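The chain below stands alone and is given in structure tokens; this is the form predicted alone.
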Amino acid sequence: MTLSYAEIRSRTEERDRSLREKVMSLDEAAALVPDGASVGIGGSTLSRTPMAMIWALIRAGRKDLFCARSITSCEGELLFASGTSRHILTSWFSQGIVWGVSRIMRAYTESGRGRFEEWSHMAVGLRFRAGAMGVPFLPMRSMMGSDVIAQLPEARLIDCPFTGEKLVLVPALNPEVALIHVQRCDAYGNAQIDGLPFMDIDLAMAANRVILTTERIVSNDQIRRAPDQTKIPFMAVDAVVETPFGSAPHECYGLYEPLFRHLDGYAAQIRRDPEEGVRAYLDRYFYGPKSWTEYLDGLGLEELLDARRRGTSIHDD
């Protein structure tokens, strides 16, 4: 969604950006996302996916969300299959490198039930960067050597007014809501990210609202002891939800690795029958559990502890 600078400034001025506690439940945070909203999803592939928030939105029956993420994994399949989204903008759509291109994405796009809008990885990042900067577009060279541009009416080829070289202009992305998972934040929304931040900082500044899920809520004193680690400031945040293992079965750097056995089982289920396999998975892990704790119980304590061990120790496995 491309907005004018005046519209972005007006939205910003209307919001309450005061220093206040923003802690709420998953259900309360899900209520901040209306049907049809544009939603930016933080993390990348299997890394720091805001799975708990996606879980809550699917369970809440949200429909027709336009979702944008740098690289999309199995969460995109679940968004399509549940009807929560029918349009996903991303640079790559796969369960993961070892499992191949998404069979669900292919089934939904080929049947017209869903739209996979593909931009280059650089383009997605620069679109969020433009949104964060409050400018309508940014120039780049990425995609010029492919036929991707021909599939994207929003991209523009121009002659640079300074050098005369060909450039691509990509429009800003300003999602109505951003969903971002972090290792820790305080009750106000000052968020600290360990490891690669991916596009999350620009996403947070580009979005009108930010919902943070976090592995743990810490005191503001602890945040202040390491201010250089605070990547997202409180004034950008609208909700804070404490969700241990909030990216599972994906990973959260420094805390736990992906639950590979679970993901292998999911991939095998999809290979046997994509449509029925994803429906059965949603029934078991999304619609069945009554709480996030029950969801984690379904993943299994042994798998969670193994993921934690691999994420926090040095070993030879």
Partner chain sequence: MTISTADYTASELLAVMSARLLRDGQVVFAGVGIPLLAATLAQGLHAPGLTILFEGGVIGAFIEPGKLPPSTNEQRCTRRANMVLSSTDVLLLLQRGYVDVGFMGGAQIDQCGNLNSSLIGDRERPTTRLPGTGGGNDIASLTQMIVAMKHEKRRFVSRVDFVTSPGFLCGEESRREAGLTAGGMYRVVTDLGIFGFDEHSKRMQLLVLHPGTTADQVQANTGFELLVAADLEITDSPTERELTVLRRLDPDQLYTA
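These numbers come from a predicted model, not from an experiment. Residue numbers count along the first chain shown, from 1.
The discussion below concerns the form predicted in complex with its partner chain, not included here.
Remark: of stretches 51 to 59, 32 to 40, 244 to 252, 283 to 291, the one touching its partner chain in the model of the complex is 244 to 252 (heavy atom within 4.5 Å). Looking at its partner chain in the model of the complex, residues Met24, Asp27 and Ala267 place no heavy atom within 4.5 Å of it. Just one of Ala132, Ala239, Leu89, Ala81 comes within 4.5 Å of its partner chain in the model of the complex, counting any heavy atom, and that one is Ala132. Using a 4.5 angstroms limit between non-hydrogen atoms, Arg216 is distant from its partner chain in the model of the complex.
Interface membership of Glu257, defined by any non-hydrogen atom within 4.5 Å of its partner chain in the model of the complex, is confirmed. Its partner chain in the model of the complex is approached by Leu19, whose closest heavy atom lies within 4.5 angstroms of it. Its partner chain is not shown here, and in the model of the complex it never comes within 4.5 Å of any heavy atom of Ala187. Interface residues of 127 to 149, taken as those with a heavy atom within 4.5 Å of its partner chain in the model of the complex (partner not displayed): Arg129, Gly131, Ala132, Met133, Gly134, Val135, Met140, Arg141, Ser142, Met143, Met144, Gly145, Ser146, Asp147, Val148, in sequence order.
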